[in-house]
Structures are given as structure tokens and as C-alpha cells.
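The chain below stands alone and is given as C-alpha cells, in the form predicted alone.
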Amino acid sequence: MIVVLSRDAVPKEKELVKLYLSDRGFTVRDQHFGDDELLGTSGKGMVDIRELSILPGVERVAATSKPYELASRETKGEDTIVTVGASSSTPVTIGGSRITVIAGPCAVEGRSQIMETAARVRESGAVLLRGGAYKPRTSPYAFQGLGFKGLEYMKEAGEACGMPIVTEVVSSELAVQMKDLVDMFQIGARNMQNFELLKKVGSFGMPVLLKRGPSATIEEWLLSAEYLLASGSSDVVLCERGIRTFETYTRNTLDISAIPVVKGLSHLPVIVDPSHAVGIRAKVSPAALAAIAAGADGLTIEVHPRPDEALSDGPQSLFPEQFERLMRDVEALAPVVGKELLRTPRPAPAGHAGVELSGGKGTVPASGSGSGEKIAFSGESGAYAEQALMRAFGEEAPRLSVPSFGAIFDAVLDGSAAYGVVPVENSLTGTVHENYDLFLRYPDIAIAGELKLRIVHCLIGSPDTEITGVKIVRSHPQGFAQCKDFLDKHPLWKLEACNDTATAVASIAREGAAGMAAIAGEAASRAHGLKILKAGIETNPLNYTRFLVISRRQGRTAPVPSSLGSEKANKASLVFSVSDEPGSLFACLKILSDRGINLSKLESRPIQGKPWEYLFYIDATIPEDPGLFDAALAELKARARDFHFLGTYRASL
């Protein structure tokens, strides 16, 4: 049951309503849904809804239709984002626009084994360390884990590699002993309906990973989550790990359909354990990718440096090399489903205060942007640039909305923002030349990172607008160009250009005029309370925009945001012109070719104020030996004219 309070309710009225409900056996919690202030209730209390509805300060009372009230999307419309290791130096989020990968062995077998595994999976991109210190096994003679000593080894490995740890708890008594060492409890499939354990673990208020039982229905699974939520834990992650069916080829049957079903029923994040689902090493990666395609918020993968020697679940554990390939595939798939692979900063080695940048001089703070530093983007709430910003920095990142691309560079230059996010290239309509030109006007700004965002355009209008009544459509010119085939079917529509797609949506929301629509993303529709008249109207579904993260230059490069990871930079961007003589461009490109440096982009741009003279923009891959790259730059700088180095960064797949 949910009690919606009146907008003019005073604190005394709210407290009287809470007391009224508590006296009748309900547990009451404060909630917010949009601008509404709510009181959520749970428990087996009894109340006359008519009597409750007429209390001072109450606007209305709504009874939820689901038995799992706290876990239901009826109670909380927005997705929950769970933070694991909030007090550590490398907190990890699960849910939202990021894909979070948990990895490690089935069981902790010794200190060297867990330390080696943690280092290998961290190197490949995992951000949470899994492993069993206590192992519930079908046979009483099977390896049961190292117990508390194994937990200590796991904690040491997690701290060494900058990874919060998640491990299974098998009893209420052990939960009390373990809670100061773990960052996230795992309730295993066999204990999904161990209700006393659920209540005890929930009472700690810590993050919990709840695995689905092998024969549990979705409703039973969500009711187990309800136990945790009702007992005090607000950070619950659901894990689909396969159910028992008549099929015997695989260990279990991965219920892919459960992912979108549960995400529609509940606001809780959903991850998938393909290792236990299929139980066959060669099948783990395809099942993992299928889970991401179905909308999973993350994966938990069993990895062992020597699976043939594993004391438990060796046949389903990936070799580190297989896990590395899987992570690359996940990173490539993520933009297709509108997400980004979560990265977190790694701890600096002892005596080292920063992260070294390839091609740079000195170090930058390993933490990247501070929690209070703003990130600038162009447009209003819901802009594609804001979506890219959230992918790079997280949903809670403090952001600064500015009216133009130039204003982003200004904000970064004057310190109003620590970073900026700017689009530079679209896969359908080409380069955003304005932003490349801005780099030359702002020599103190450099590139710190990049990411690619899939662009899905929608036709958006006011709630009472129908597509048949549209007469005027607003968007950014690139939005019009990317939806040309759709717009060609409506030749009578008048097109009005705006600075960006989200501003187009915001203008319609402000004016409230009938017969007007905008081309923008779904996020802009939600942000401004409008409806989608038609989704997916872009001409080509393979529509991606490449965004660059920019910051003030420190030496030759810019500090890398911690959210983009601390991997060595492998890409560089530079600009130069050449003398007007035969072979001058060839000579410059040969400098790079002779050192095995690959080019991923080469584009010319007119030099302003110099008719028929051109600048050449280059994106180059940095070789494994950065000395080759440095030597090439030194020679190229001496050979070319108007040389500008825009920065080094980690390429986005």
C-alpha cells in the first residue's frame, strides 16, 4: 500500500499518518516519486483505506497489485542503482546505464590462487571479485571451502586489486562473523528461500546478491527479495543462474526471458550467472552475450587460472584468456543495447600517487574527477550528450548544462567544469566539424577519453498530440539528416532547426503547442514529460555518435577520468598542415607508417582565413612501444606545419 501525501501537507500531518499506520501493524518508509512525497508500507497490518484516505495531509491511497510490494515497480518507478563498497576507494555500481562484471573462482582454494585470479580478471576489466569461502555442496564429501581463512585471503586480494568482494553466506551465524569483511553478501540458489537467513542478512543493511533457486518461479524469487528489503537492505541485486528443466545437456537452463520480465516487474538490477546456467566452459561466453542482449545489468563469471586443477566447478570456469575475449565482446556489444561497460580506477602502486599516461609527462591524480566536480554538456536534460556523460561518469555525476559546444570548452577552461563531453563524429552523417575546430581555438584543452553512443531517434510530441496532426518538427540538423527516409514520407511537415535535440523537446514542452513534434531520444521524452509518437525513426539502425571527453591540459595530455579506467592510452589525435609541394602529405604519413603506426581517421579541413589551404586531422593507434610513437611525433612535428597535439586516450570499441 502506498499513501500519497498532499503537496501542502505539513510535517505534523505526515507524522500523524505514519503513527496511524504504525499503530495498525505496518512498517512505514518515506519515498519520493517525481514531485510526489509518498509513504510506503509493508507488513501484515490491517487498515480501513476509506478512513486512511480522509486523514489530514493524505491525497490518496493506492493498493499495489503485487505481493512483493517493496520490490515492485509500482512502488518505485525508476531503476534502483546499487552501490557496493561505498566506503572503499573503488566503489562499484550495479544497474543504470552501465554493465558491471563480477569475476573470480568458484571457491577460494588458497592465497596464491585467489591473488592470481583477482589480478588476471581485474586486468581484463572485472570490477567486483567473487569467490566462495564457504561452499554449500550437494555431497558432504566435496570441498566445502577454506572458511574464514579463505575469506581473509579474498579480502586481501580485493584490496590489492581495488575490487570490492562478493561471497556466499550459508547461515545466519556465519553472516554475523562475515559482515565486517565482505562488501556484498551472496544468497545462493539453495538458500533463496531460507527466510531466517534472508531476514538476518537484510537486517545488516548491506548490498545483497540474490540468486534464483533452481525451481523457483519469478514471483517466488521476488518475494525472497522482499524479505531482504523488508528487513532493512535497500541494495538488492537479482541474479538469474538457470533453472531446472527436463533438459540434461547443460547443467541448468538459462531463463533468458526472465531478464526483461523481471525488469518490467521490479526496479531492482538483474544480472546473470552464465557459468552455473550452462555448466560447460565453451558455452559460457555465448550465454553471457545473450544475457547482455536481453538487457541484463551485469554478469558474474567463474574464472580460474588452471580450471583443470580447480577443487570445484572446474568444467565451467573460464581460462583467463577466455575471460579477456569475453570482456572485449561485451564492450563491443554494450553500445548496441545502449550501455557502457563499467570501469573503476585501480589502486596506485605503493609510493605512486597517480596514473601514468602514455605519451604524457608526469602523472595525474589516480582518482580522476572529484565527486563534486561538474561535467559540462551542451543541451537540456535528456540530450544525447547527457546520456554519453552518464555512461562515462555515472548517473549521479554532477553536470553542467550549457547552451553551445563553445560554452563547453569555456566551462572547462575557466574551471566551471572539470570535464566536458562533446560529439565529434556520427556514423551516418560524418564529422561534427565545429568541435574539431574548437580544439584549435582552445589549445589548453586536450582529449581525455572517448566513447560511442548508439543513437535511437524518436518522434516526440505533447501528450495530446497524434502523428496525424503533426505540422512542425524540430530537431538538430544532424537529427533531420539521420531520419531523412522517415521525413521524406511526410513532405508537408515544416522542419525547424534547434541547437540540439533535447532543446527541441524542451521547447515543445514549454510552449505546449498542438501540431508540433521533435526528433530526439527517449530520455528527452521522459525528462520533459512528453510522449513518443514513433520510435526508431533513424534511417539506419547502425547509428552511432562518437563523443570525446575533454579536460584542461596537463603538459601534453589531459587527466583521465577515473570512471573511464586507468588502462594505458592506445589512441592519439593530432592536427597539422603541410607545405604546398608534391609529396608533402605523403612524407608526413610515411613517418607514421615506417614505425607501424596505424591511422583510424584522416580528414582535411579548410584553414580559416587561408583559402585553399587545409589542415589534416588524424587519429592514430599508439603502438605497444610508446617510444616509437614519441619518435614519430618528434619527426612529424619537425616536418609538418601548424602542428597541434590533441591528446592521448583509451579507444572505445
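Each residue number is its position in the shown sequence, starting from 1. All values reported here derive from a predicted model rather than from experimental measurement.
Another form, the form predicted together with a small molecule, is not on view; read the next lines as being about it.
Taking the partner from elsewhere, residue 500 is found to have every heavy atom lying beyond 4.5 Å of the small molecule in the predicted bound form. Heavy atoms of residue 211 reach within 4.5 Å of the small molecule in the predicted bound form, making it an interface residue. Proximity of residue 241 to the small molecule in the predicted bound form: non-hydrogen atoms within 4.5 Å are present.
Interface residue remark: residue 297 is not counted as part of the site for the small molecule in the predicted bound form, having no heavy atom within 4.5 Å. Contact annotation for the candidate site: 79, 226 and 263 all lie away from the small molecule in the predicted bound form (no heavy atom within 4.5 Å).
When you look in the predicted bound form, the only residue of 573, 378, 186, 525 with a non-hydrogen atom within 4.5 Å of the small molecule is 186. Think of it this way: in the predicted bound form, the small molecule has a heavy atom of just one of 122, 339, 276, 476 within 4.5 Å, and the residue is 276. In plain terms, the part of the chain that comes close to the small molecule in the predicted bound form, with a heavy atom within 4.5 Å, is 187 to 195 out of 324 to 332, 397 to 405, 187 to 195, 447 to 455.
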